[in-house]
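Single chain ahead, by itself, as structure tokens, in the form predicted on its own.
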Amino acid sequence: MNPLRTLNRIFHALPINLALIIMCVLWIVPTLGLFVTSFRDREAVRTTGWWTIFTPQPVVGETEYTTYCASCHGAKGNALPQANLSDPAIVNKYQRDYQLLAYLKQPINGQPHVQNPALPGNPNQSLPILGKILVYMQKLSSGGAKGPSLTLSNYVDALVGYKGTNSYLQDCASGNTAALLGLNCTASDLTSPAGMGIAMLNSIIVTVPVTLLVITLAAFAAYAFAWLDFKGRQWLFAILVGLQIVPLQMALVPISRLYSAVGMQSTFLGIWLFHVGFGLPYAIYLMRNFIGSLPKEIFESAYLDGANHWKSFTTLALPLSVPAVASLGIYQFLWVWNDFLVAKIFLTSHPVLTVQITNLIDPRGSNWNILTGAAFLSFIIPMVVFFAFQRFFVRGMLAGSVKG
């Protein structure tokens, strides 16, 4: 083999390979960070970056606790029976740093609560210290001050829709019923209207029928445009292709008013019809181009043998169009599953996953760590669908767009 030709081939492909590597890194690194963060506890997410999980890290709050508290309460927090910091019942009284600060300002026997050394007088300096001490106290009350560990708390909180100061599992373990707000720490909490469990079911109810309807109707229409000869066929197909450029946002207000008038607002039927209507133009275009590219001789032979259009459609067109059907199914499923705007407007009483994720956000932004678990819960099913049919995806998309 000519070395110069080999080097030329390597350098010729280098820009493409480099671009692919950069694209993969730009996609994989943030996704990996989100995935790792979804298994970290609230305080670890708030105080350290996700990459720190791969290196040994000091226990959050250990230094501050040793400096200000260990001399009285002991290294394990249980030196004072009347103020046992390893007791969850005592620790749960102080959920916020400002609550602990208010308590520490109360003197004991006429002396400052914290001395040798004393806390900084400026709250902007003392509150961050107390926040870390609270984290360490929670670790002591949960059985020991261990280093960063992986947890499923974010996923559990997202499933039940829990937005408490502690995690759902912590409050259930400590019996903090006041913070549970109606949840009873049983499997029935998975059906909470504020959680992701019911929202995932709603997403399935919306997405699966829409995908099946779009594929079915598009396949019928595509066969008609490809192999049935009727007047105005090309003009009708051209109009259908042109409908793809119409933004669905233009129809939100008039269709919402129509649904309100006929009693279809916030119903599954209403959102099914909306998604099917706006999904059909592209679906018919894709399926028609694929079915139209099939060998004409196959259908002519079937017609000569006495097959009608229904027989040709079911025994020839559909089986040969599996790549296009699979690619269309993936595209339509992902489109409807990830939709937020239409579901927010037309399905207010049955929130889907994309809408429910936004409902999990605390107005003060203190529980955004839950969103990491919610994000991964939201694309488990799309990932399964994509990997199940991905071998057909590229083949169907290319075949449906190149030939016509």
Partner chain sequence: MMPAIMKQGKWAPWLYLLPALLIMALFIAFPTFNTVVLSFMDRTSTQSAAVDCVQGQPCWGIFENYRYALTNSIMLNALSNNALWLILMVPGTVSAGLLFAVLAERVRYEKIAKSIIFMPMAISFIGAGIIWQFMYSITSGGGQQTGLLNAIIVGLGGQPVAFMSTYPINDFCLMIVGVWLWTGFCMTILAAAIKNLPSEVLEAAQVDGATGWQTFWKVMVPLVMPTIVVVTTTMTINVLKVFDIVFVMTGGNYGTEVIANRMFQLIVTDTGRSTAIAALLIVLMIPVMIFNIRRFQKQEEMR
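Numbering follows the first chain given and starts at 1. These numbers were taken from a predicted model, which means no experiment stands behind them. By rigid core we mean the largest C-alpha set that fits within 1.5 Å across both forms.
This protein has a second form, the form predicted together with its partner chain, left out of what is shown; the following refers to that one.
Enquirer: Does each of L258, S312 and P323 have at least one heavy atom within 4.5 Å of its partner chain in the predicted bound form?
Expert: Yes, each of L258, S312 and P323 comes within 4.5 Å of its partner chain in the predicted bound form.
Enquirer: Using a 4.5 Å heavy atom cut-off, which stretch among 204-212, 72-80, 294-302, 112-120 contacts its partner chain in the predicted bound form?
Expert: In short, 294-302.
Enquirer: Taking 4.5 Å between heavy atoms as the contact cutoff, choose which of M200, L100, L169, L334 touches its partner chain in the predicted bound form.
Expert: By the 4.5 Å heavy-atom cutoff, the listed residue in contact is L334.
Enquirer: For L104, is any heavy atom within 4.5 Å of its partner chain in the predicted bound form, or not?
Expert: No.
Enquirer: Check P247 for me: does it contact its partner chain in the predicted bound form (non-hydrogen atoms, 4.5 angstroms)?
Expert: Yes, P247 lies within 4.5 Å of its partner chain in the predicted bound form.
Enquirer: Please run the contact check for P281 against its partner chain in the predicted bound form: heavy atoms, 4.5 angstroms, yes or no?
Expert: It does: once its partner chain is placed as it appears in the predicted bound form, P281 has a heavy atom within 4.5 Å of it.
Enquirer: Does any heavy atom of F39 come within 4.5 Å of a heavy atom of its partner chain in the predicted bound form?
Expert: Close contact is absent here: in the predicted bound form, F39 is far from its partner chain, nothing within 4.5 Å, heavy atoms only.
Enquirer: Scan 37-55 and write down, in order along the chain, each residue with a heavy atom lying within 4.5 Å of its partner chain in the predicted bound form.
Expert: T37, V45, R46, T47, T48, G49, W50, W51, T52 sit within 4.5 Å of the partner.
Enquirer: Determine whether the C-alpha of W272 shifts by 2 Å or more between this form and the one not shown once the rigid core is superposed.
Expert: Stays below the 2 Å threshold, so no.
Enquirer: After fitting the rigid core, is the C-alpha of Y155 off by 2 Å or more between this form and the one not shown?
Expert: Result for Y155: yes, a 2 Å-plus shift.
Enquirer: Could you check, with the core superposed, whether the Cα atom of M23 shifts 2 Å or more between this form and the one not shown?
Expert: Indeed, M23 is displaced by 2 Å or more.
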